[in-house]
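Only one chain is shown below, in structure tokens, and it's the form predicted on its own.
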């Protein structure tokens, strides 16, 4: 390993901390940089919600699974918080905790049989779970509002701070986004995160060395679903109106596209994909139906020409500009220093 590679490895912790601090500082200053323009703030809040959903789904992906029930658990959090407000008068602060707990409880029960399936069977089973959740919201009209949904889900207040103000809600959504990304990022760096990736790479082998695969799969699914439910709670109080169609399979599919385009190897992938594609989606809004077609083209081009996703661009540039050695041991060490997945 040459001196430049060793320097990268030594400086890795400080670089990560500096990047986190710089990113948070930019987010804090962003509303004032745009003069609190309401439309841009709205797009930023949507970006935060998409990052939360994609990052929490990525946690399940670290096991090697893609859950199409994820939007359903986002809906559980949204409806739980909305009902707490509309029926009991309790604000978002109670609803977000209740939504996370209800989502986690249902996810734990559902995941016990669900996580015993694999490949296409898991895909079909998770899709069925998402559809069942949506249909329950739709057909129990007296309680969940049916297809018409629930109205007048007001944003919360905290003393003199009224989150009906879009700038205030921007900071609230930002806090949730940073929390979810940080939780997933730190979890991925722990022993538990390594176990998730070992199950992803070789579940049978990991079971033979003493890892209780089902226990860890249930834990990952439960944590990811609870994070999605928290996202749903903030989503409901921001839009003030929800219906079952807000949490159908398309929401899960867009989260998956965000992950694939951003990159599958690290927690940075879903963040990059959600930011990039949400902005592209807003720019393409005048094209109406063709937005879906263009999204498909972007996905195909990413798979063909940028298989590592957007997160692989810095590594590609480093390899080209610095002309790093081609031996695999050195490249693996450098990739590990920059947080590449467990491969």
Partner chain sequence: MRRALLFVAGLLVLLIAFGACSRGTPSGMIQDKVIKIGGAVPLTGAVAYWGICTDQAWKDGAEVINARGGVKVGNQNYKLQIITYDHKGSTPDAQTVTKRLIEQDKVKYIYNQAAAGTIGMLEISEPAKVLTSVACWGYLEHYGKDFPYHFRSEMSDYEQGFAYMPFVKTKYPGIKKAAFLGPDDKDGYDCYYSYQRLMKYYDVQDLGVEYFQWETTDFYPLVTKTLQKKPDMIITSPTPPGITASIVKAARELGFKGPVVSPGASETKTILEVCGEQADGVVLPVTLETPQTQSQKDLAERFKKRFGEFNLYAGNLSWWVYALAEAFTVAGTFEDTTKVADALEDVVLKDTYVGTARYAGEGAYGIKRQGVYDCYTMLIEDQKGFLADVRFPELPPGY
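Fair warning: this is a prediction, and the values are worked out from it, not measured in the lab. Positions refer to the first chain, counted from 1.
Separately, the form predicted in complex with its partner chain exists; it is not shown, and the next lines address it.
| query | With its partner chain left out of view, which of 201, 253, 148, 162 would have a heavy atom within 4.5 Å of it in the model of the complex? | reply | Here the answer is residue option 148.
| Ok, 137, 221, 196, 235: which has a heavy atom sitting within 4.5 Å of its partner chain in the model of the complex? | Selected residue: 235.
| said: Whether residue 287 contacts its partner chain in the model of the complex should be assessed with a 4.5 Å heavy atom distance threshold; does it? | reply: So residue 287 counts as contacting its partner chain.
| Does at least one non-hydrogen atom of residue 240 fall within 4.5 angstroms of its partner chain in the model of the complex? | Result yes; residue 240 sits at the interface with its partner chain in the model of the complex.
| Proximity of residue 217 to its partner chain in the model of the complex, heavy atoms at 4.5 Å | Residue 217: no contact with its partner chain in the model of the complex.
| request: Evaluate residue 28 for contact with its partner chain in the model of the complex, applying a 4.5 angstroms cut-off between non-hydrogen atoms, and reply yes or no. | output: No, no contact at 4.5 Å.
| query | Among 169-177, 96-104, 140-148, 182-190, which stretch has residues with heavy atoms no more than 4.5 Å from its partner chain in the model of the complex? | reply | Careful reading of the contacts points to 140-148.
| query | For 183-213: residues with a non-hydrogen atom within 4.5 angstroms of its partner chain in the model of the complex? | reply | Heavy-atom contacts to its partner chain in the model of the complex: nothing from 183-213.
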